[in-house]
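Only one chain is shown below, in structure tokens, and it's the form predicted alone.
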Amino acid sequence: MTTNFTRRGVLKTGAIAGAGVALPTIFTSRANAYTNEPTGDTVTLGFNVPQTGPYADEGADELRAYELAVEHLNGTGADNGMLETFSSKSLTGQGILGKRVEYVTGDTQTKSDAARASARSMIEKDGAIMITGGSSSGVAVAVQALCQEAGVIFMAGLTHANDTTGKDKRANGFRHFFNSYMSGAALAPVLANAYGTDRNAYYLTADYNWGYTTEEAISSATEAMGWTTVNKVKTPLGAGDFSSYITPVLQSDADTLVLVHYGGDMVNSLTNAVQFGLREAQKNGKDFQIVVPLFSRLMARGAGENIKGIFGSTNWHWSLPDAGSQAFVRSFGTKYGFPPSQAAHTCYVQALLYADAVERAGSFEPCAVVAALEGFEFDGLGNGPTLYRAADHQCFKDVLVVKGKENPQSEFDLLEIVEITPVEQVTYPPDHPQFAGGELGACNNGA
């Protein structure tokens, strides 16, 4: 299918605005202006995704979703996607406030420094008024802080660590994706019901903020159900081969392995665990079990047969029957030939939520957009009624517990929804200990 939107250009990896580059509005602004205030008939958004590195599969799907969102916002797609089901009716397919949407892209490489560099270039060189994307909480925290300083809105992509809307939250940043605490609250009761309350768990954890907060959330929630934590071992991002970490698991008293890994790392560590015979092992008179707290269809595809029967949680799944989810699945499937991932879904929705907030505010001014998003309640975008909580800019909605399908009917039919956990079960107070520290602060217009 031929796309009709305008691509402003693709950034080179690690590009940083330098000498001779036009300065953004933040440095040249007139009174009452704001960073990169649109003055012509177009507005530029910055899509910052992992195009290389261990989370590149998620990044590719995120970029597909953003391109589809641009088509729908500009009214140039084969259909209108979720614009038809979104409870807010402010978006008309005529751009944003009548301005045609254009975009630039960057490669985060799943590295904080590279992500900040590409985001800075999009703001300073390309005039992006909003930055969105990413598939790592380390990247999200870094780029969110940059956007706060620059006076632009950051609509986080796939970021699951509590920190993003916890100790590292910022007034200019917003997260639609669920978080580590929500995974623990949804997953622990299902695990206890399936495997009992007397289990010994061993954690292999990605060595960055997402790993830390997810490990804490799952261990706290399962210990409350009666489980014992045997050991917690940090593993480097992008390790490739996790064999050396599996042998100590076998030598321990653990009967459950919790893999706090994502993307290619999860595929590799799960493959190593299966190769070492953990799925056939017995310990403490029980069948050995493996748990993957954060799942995606893309990971399930990479893991193949190894994923069957393994429990995890996910933000969204293409099989959800609600009208919004199915509208998105049809649009994405028509354009690309396969169903979207949870990464694609959250990024598409974030693009629409930003555009809608601008329309409802009647302005691209960041503080006006913040005011429009804070406390915003909506429906029709999947996962049921959703609230963007004003206190921390976290979305609250239903959470899915899933497991790998034993008898998939296609290469995309890999996950089975075990339970749709109601939003009430995963809601927590803003001052919950797992989110301690940090202040939201004031919004920044950058001028």
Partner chain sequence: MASMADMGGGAAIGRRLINVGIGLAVFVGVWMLLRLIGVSSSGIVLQVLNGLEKGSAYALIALGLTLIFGTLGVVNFAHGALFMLGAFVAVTFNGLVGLSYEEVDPTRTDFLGNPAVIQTPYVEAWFGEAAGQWMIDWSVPLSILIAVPFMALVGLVMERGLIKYFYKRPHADQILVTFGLAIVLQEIVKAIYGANPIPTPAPDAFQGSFDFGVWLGFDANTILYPYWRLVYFLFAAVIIAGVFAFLRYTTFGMVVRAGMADRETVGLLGINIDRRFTIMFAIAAVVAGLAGVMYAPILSPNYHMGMDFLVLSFVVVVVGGMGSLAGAVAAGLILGILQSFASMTEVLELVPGINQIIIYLVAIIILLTRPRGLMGRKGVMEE
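All figures in this text were calculated on a predicted structure; none of them were measured in a lab. Residue numbers count along the first chain shown, from 1.
Absent from the display: the form predicted together with its partner chain. The rest refers to it.
Asks: Classify Ser219 as contacting or not contacting its partner chain in the model of the complex by the rule of any non-hydrogen atom within 4.5 angstroms, answering yes or no.
Replies: Although its partner chain is absent here, Ser219 would stay clear of it in the model of the complex, with no heavy atoms inside 4.5 Å.
Asks: Decide whether Phe311 counts as a contact residue for its partner chain in the model of the complex under a heavy atom distance cut-off of 4.5 Å.
Replies: Flag for Phe311 set to no.
Asks: Since only the chain is shown here, I'm wondering whether Asp57 would be in contact with its partner chain in the model of the complex (any heavy atom pair within 4.5 Å).
Replies: Close contact exists here: in the model of the complex, Asp57 approaches its partner chain to within 4.5 Å, heavy atoms only.
Asks: Please run the contact check for Gly98 against its partner chain in the model of the complex: heavy atoms, 4.5 angstroms, yes or no?
Replies: Outside the cut-off, so no.
Asks: I need to confirm a contact call. Of Ser363, Ser243, Thr228, Ser88, which residue comes within 4.5 Å of its partner chain in the model of the complex, counting heavy atoms only?
Replies: None of the other options qualify; the answer is Ser243.
Asks: Looking at Ala323, Val233, Val190, Ala224 here, can you tell me which has any non-hydrogen atom within 4.5 angstroms of its partner chain in the model of the complex?
Replies: Among Ala323, Val233, Val190, Ala224, a heavy atom within 4.5 Å of its partner chain in the model of the complex occurs only for Val233.
Asks: Three residues, Leu250, Val267 and Leu298; all within 4.5 Å of its partner chain in the model of the complex via heavy atoms?
Replies: All of them do, each having a heavy atom within 4.5 Å of the partner.
Asks: Looking at 273-281, 371-379, 71-79, 351-359, which stretch has residues with any non-hydrogen atom within 4.5 Å of its partner chain in the model of the complex?
Replies: Of the options given, it is 273-281.
Asks: Just to make sure I understand: among 301-332, which residues lie within 4.5 Å of its partner chain in the model of the complex, judging by heavy atoms?
Replies: Sequence-ordered list: Arg301, Gly302, Gly304, Trp318, Val329, Arg330.
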